[in-house]
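Have a look below at one chain only, the form predicted on its own, in structure tokens format.
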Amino acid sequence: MIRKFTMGAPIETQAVVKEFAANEIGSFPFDYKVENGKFIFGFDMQKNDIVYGLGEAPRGINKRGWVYESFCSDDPFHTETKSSLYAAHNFLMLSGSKLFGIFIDFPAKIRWDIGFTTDSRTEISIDGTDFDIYIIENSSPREIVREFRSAIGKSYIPPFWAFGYQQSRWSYPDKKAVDGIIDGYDKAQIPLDCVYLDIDYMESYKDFTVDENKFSDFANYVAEKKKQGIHLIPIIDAGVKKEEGYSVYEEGRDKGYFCKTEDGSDFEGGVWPGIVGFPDFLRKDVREWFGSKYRVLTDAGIDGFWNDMNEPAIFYSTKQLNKAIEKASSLKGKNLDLSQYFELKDTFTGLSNNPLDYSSIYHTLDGKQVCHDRVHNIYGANMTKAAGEFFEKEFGKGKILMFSRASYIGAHRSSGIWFGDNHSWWSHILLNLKMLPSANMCGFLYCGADLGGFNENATRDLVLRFLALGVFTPLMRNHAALGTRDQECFRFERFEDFRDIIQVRYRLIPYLYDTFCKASENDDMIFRPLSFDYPDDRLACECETQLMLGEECMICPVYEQNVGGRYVYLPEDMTFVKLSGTRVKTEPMTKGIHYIEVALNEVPLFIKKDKKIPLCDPAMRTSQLDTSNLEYIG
């Protein structure tokens, strides 16, 4: 059962696709107050209650003990101290002494104090008084998720080839670099389906351009790669470079398609290409215009994209940058004491994603001027919607790979997500694992992290252990930052170990794709906390390093350095399976705690009693997989 409560005049986000009669806020089932323009409510928690949800967020599967914010943030340091990442997924569920879910359809900031101030209390503060709140009740956590997911619509299903292994880096800037990557994988006989083009493929970082000096005769080059079974996946950023003669910018400016300041002039912020205009994606006509621009790349044969920098990320605004420069100039030649120095330093470090800049951006919504602060969390989702609407109209569903960095519930119908600029830290293997069920709850099934870590220098064993988890995530992409160690699989010593891991992925693709499609069709999750399946088992309820996969499996990655295995908890008798290349080792195990040995070239998996999963023979490309000849293990 879902009950909808409405206050004020909510901004339409299109997160919910079903119609629900609105109840007056006076009948809201929680104590609430309105204070300083904020709507604040909460609920009490018992000691063993678990709080799930919030999609892509820091910390654990159980969200108790921290303060989170729904505020799409461009922050590459995903530490436990952070309160928000790139997404705003406003779904929360309490399981234990009571059972209910809450979805707050509100595109501005929300603060979730989940047992931080008072350990037995959750207090939610909505930064406004115009919203819809949905209360979801059902018989189990899984059924609450299904009920919620049925209200927000079916999850996006990507092309089959998007389940292949994908290699990315900031950046492969030209044909020679891309060909070198493909050649390296082919010579090492490591499967590969996609190579990514980061910002350097563009002409001066301009959206919907290709630098002909780096990628001459681009359409023929794309076709040549497709003959090799390789899909090229270019990036598209939210900001459009301000440049005379650049048709996308000139058209956007002349038609008034960019976000404004309060006085009606175009807001100007700096990103990769320098000063840009930010399309007002909240307008349908702007979405149609921007979406149509992808045609220049789809006409060249491109069939996959990743949208980035769409929180939106702003390195600086012209207004704030000029203030900072003036401040620095006024201090030239002065003897700066401690406070003066750090004030100057903070002036420049505070230029990026400055709240004052967001507050100075204005959108046109239903013919009215609306401050960006009120709609911040749906900006990136509407950029993705622009692309998704164009792709579906031109090609039909499921033909184009599309995923985004920023997101809001509802965007799951047209794209997947990746979890942003993580680090080559062992803790980020677990962070990846913990985000998976939470993202699934909010409809985002096609998701994954940058395997091996984006920032910093990865070690060989870290990449292997990261990949062993990535074997199961729908998006299996290795991505690394400019200036970091090369972490393509074939570059490491004994690359045969990497081949073993990635061949396991290709053997599992028929099972993973089928599991994915069932989860989308049935409004279900691919990944579940153990507590969903074993609610009366305390050890299962407290376990955050293992997940249930589909109806058949449990996954348990190794996430520590310099170890030969890990402890696992089996909530029932299962078969322990070690997969490596084409090799399969099985061992029945009884319910309880076990230490399992897992070599660096092995993928551990547990299969439930009386269940089996299919494996196919590995191949170098998904297009070469024989999915009609399957071996079943269990």
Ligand code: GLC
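Just count from 1 along the sequence shown to find any residue number. The model shown is predicted, which means the values in this text are computed figures rather than measured ones.
The same protein also exists as the form predicted in complex with the ligand; that form is not shown, yet it is the one meant from here on.
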Contact test in the predicted bound form: residue 308 vs the ligand, heavy atoms, 4.5 Å | yes
Hey, in the predicted bound form, is residue 421 touching the ligand, heavy atoms inside 4.5 Å?
-> yes
Though only this chain appears here, would residue 495 touch the ligand in the predicted bound form if you measure heavy atom gaps against 4.5 Å?
-> no
Quick one: does residue 507 come within 4.5 Å of the ligand in the predicted bound form, counting heavy atoms only?
-> no
Contact with the ligand in the predicted bound form, heavy atom within 4.5 Å, among 479, 376, 287, 231 goes to 479
Can you pick the one in 272, 221, 208, 490 that has a heavy atom within 4.5 Å of the ligand in the predicted bound form?
-> 272
Counting only heavy atoms and a 4.5 Å cutoff, which of 508-516, 300-308, 188-196, 135-143 contacts the ligand in the predicted bound form?
-> 300-308
Heavy atom distance at most 4.5 Å to the ligand in the predicted bound form, all of 248, 294 and 390 = no
Can you name the residues of 134-170 that have a non-hydrogen atom within 4.5 angstroms of the ligand in the predicted bound form?
-> 170
